[in-house]
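Okay, here we've got a single chain as structure tokens, the form predicted alone, with questions on binding and movement later.
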């Protein structure tokens, strides 16, 4: 119990520091956070920019002459209430944008995590059992190269090859624009079809990482004394591989799943923008492009919270599933 309490206190401190960093980073960016909304107001109402800025500041609840510490306290207070701010570009609350975009991001990340983990675990275990052979060298070499490629670079390649050239996946969007959302099989299949591009762009580097991690863990465990003892007892290689090696090698990777999901949420930003996929990353990229500081702060905070909470969950899960770690 003491372990859990200590981790919770640590989580709170890290969250506060990270969220404070987000606030300072965004608020120190050059420009006025209400400028985008002011331009829209000035065009719609045919008024001077100075007057439009005053209206925009009132709509967004911003006082440009207010001390930074007062704005910081309001920002933290709103976050504690679950209020992630206001988007000047979309002229709506960031909560509404998150509610609309987060399910699409979680859908793609879930698919990417499942595919990358299952394939990576199999390839890593297989490569470790073939240590020193050409199979091991090929799998490890390809995985090392792929892991070094950023997801957004893969996204551009996938989009160009499979969407532009081969035309086997859509150019963008979550589903066809001429199709009404429903729970019909045809709509679900279209949603999966549109998710293939961003899913593979996210899953392939993760798959390479899982492969190398599983190979390393498996190779290390194969040198343990209890594996040699099992071999001396005359147990079949398949029994040793599945019961003793694979299960123990997978323990730290299972705990790392939560961390992987959290970091995918952060690293998925440019991928969704490239595929024009309406998830968190798409709106994050749009917020940067149009200098929507309110939306940028809200989404940045969400991503930071997601990564830190996922790391916390991973630590607790690892302590629960690994008998070598005790919760005291």
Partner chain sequence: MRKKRFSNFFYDYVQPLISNKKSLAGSIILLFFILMATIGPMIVPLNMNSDFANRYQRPSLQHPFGTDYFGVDIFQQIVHGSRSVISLTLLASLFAVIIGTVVGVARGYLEGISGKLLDAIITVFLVIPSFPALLILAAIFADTKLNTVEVALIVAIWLWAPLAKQVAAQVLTVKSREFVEASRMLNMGLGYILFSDIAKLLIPYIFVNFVTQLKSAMEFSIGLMFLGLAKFDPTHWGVMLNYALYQAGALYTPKGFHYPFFVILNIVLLIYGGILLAQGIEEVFNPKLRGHE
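Residue numbers count along the first chain shown, from 1. Everything quoted here is computed from the prediction, not taken from an experiment.
Below, we turn to the form predicted together with the partner chain, even though it does not appear here.
**Q** Just give me the single entry in 288, 59, 42, 261 that has a non-hydrogen atom within 4.5 angstroms of the partner chain in the model of the complex.
**A** None of the others qualify; the residue that does is 288.
**Q** Within 4.5 Å, heavy atoms only, which of 179, 148, 168, 135 is in contact with the partner chain in the model of the complex?
**A** By the 4.5 Å heavy-atom cutoff, the listed residue in contact is 148.
**Q** Verify the contact flag for residue 229: yes if a non-hydrogen atom of it lies within 4.5 Å of a non-hydrogen atom of the partner chain in the model of the complex, no if not.
**A** No.
**Q** Can any non-hydrogen atom of residue 194 be found within 4.5 angstroms of the partner chain in the model of the complex?
**A** Answer no; every heavy atom of residue 194 is more than 4.5 Å from the partner chain in the model of the complex.
**Q** So in the model of the complex, does any heavy atom of residue 68 sit within 4.5 Å of the partner chain?
**A** Residue 68 lies outside the contact set for the partner chain.
**Q** How about residue 100: is it within 4.5 Å of the partner chain in the model of the complex, going by heavy atoms?
**A** No, residue 100 stays farther than 4.5 Å from the partner chain in the model of the complex.
**Q** Can you confirm whether 80, 106 and 283, the three residues that make up this candidate site, all sit within 4.5 Å of the partner chain in the model of the complex, judged by heavy atoms?
**A** So, no: the whole triplet misses the partner chain.
**Q** Heavy atoms, 4.5 Å, the partner chain in the model of the complex: which of 179 to 187, 156 to 164, 239 to 247, 80 to 88 makes the cut? Say which one.
**A** One stretch meets the cut-off, namely 156 to 164.
**Q** Given a 4.5 Å distance limit between heavy atoms, list every residue of 198 to 216 close to the partner chain in the model of the complex, or none if there are none.
**A** Counting only heavy atoms within 4.5 Å of the partner chain in the model of the complex, the contacting residues of 198 to 216 are 212, 215.
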